[in-house]
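So this first bit is one chain, no partners, the form predicted alone, shown in structure tokens.
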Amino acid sequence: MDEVLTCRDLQVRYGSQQILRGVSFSVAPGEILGIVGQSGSGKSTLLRALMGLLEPTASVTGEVFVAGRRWTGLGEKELRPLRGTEMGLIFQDAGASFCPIRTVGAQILESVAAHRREGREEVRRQALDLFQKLRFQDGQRVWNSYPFQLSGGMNQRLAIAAAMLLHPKVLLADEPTSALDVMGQKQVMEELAQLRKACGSAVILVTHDLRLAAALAENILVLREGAVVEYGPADRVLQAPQAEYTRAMLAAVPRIRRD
């Protein structure tokens, strides 16, 4: 099966500080890839590099291809119409990405209008249909709400729904459950899996939580200090890790003992 995203020898440097060190991987359509590592390992930098969202002071080498098209080297004007439709990004704090003084519906309409021509009623119908699939209670109320009227978990789930309305080939999720309680984490995990199944989008899930990666991902990539130390099928990485760093991360996962 052809890869929908290919990353080859990606390196990112800020001055004398190297953040990513020759990262390479690929993602097939519909695949969930889990990228794990401790804080400071370069996970979020990797996602921003894939999207072309790094600061101008960053030096980037290597290649990124999305659906056969080379992204590295494209200018902002060329990337803008591709972001969202070819590749979407869910930030760690999704609530901060919504404007607090505009309704959810108005912001979704604006997001869709930036990429395709559709009537407001048609977009609203699609959004409410997606809300229903994601088991949002009273989707019309959510559509008319302001972000501050909704919980953090709801804002995170709405960010996923808004991204998926654009039907991206690849969805990047940066620590999407880190600020949520256990029930919120469970809902987000279920929705990522359901949307992958319904829309066929590949998902790159960045997390420091190996349990989350184990629950969702077919393949896992482990980053340490900007370098790949392990990459392969989730079962193999989690049950027979080759790298000492991966074994240490697994040993640090808390276990509940039941007597």
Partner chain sequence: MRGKMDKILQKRKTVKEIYFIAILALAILVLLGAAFAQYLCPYDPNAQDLALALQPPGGEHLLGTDRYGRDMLSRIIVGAKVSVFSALTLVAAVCAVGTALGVLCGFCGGWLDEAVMRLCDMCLAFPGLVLALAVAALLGGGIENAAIALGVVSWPKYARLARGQTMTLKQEDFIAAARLAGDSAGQLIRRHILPNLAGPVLVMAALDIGTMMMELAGLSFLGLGALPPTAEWGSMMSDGRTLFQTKPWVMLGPGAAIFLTVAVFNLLADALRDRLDIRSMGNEM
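Predicted model, so just to flag it, every value in this text is computed and none were measured. Positions refer to the first chain, counted from 1.
Not on display, but discussed next: the form predicted together with its partner chain.
The closest non-hydrogen atom of residue 78 lies beyond 4.5 Å of its partner chain in the predicted complex. A residue is said to contact a partner when one of its heavy atoms sits within 4.5 Å of a partner heavy atom; residue 114 meets this definition for its partner chain in the predicted complex. Contact annotation: residue 93 falls within 4.5 Å of its partner chain in the predicted complex, judged by heavy atom distances. In the predicted complex, residue 97 approaches its partner chain with a heavy atom inside 4.5 Å. Just one listed stretch, out of 30-38, 48-56, 61-69, 212-220, contacts its partner chain in the predicted complex at the 4.5 Å heavy atom level, and that stretch is 48-56.
Contact here is defined as any heavy atom lying within 4.5 Å of its partner chain in the predicted complex, and by that definition each of 101, 142 and 149 is a contact residue. None of 89, 127, 188, 134 but one reaches within 4.5 angstroms of its partner chain in the predicted complex through a heavy atom, and that residue is 89.
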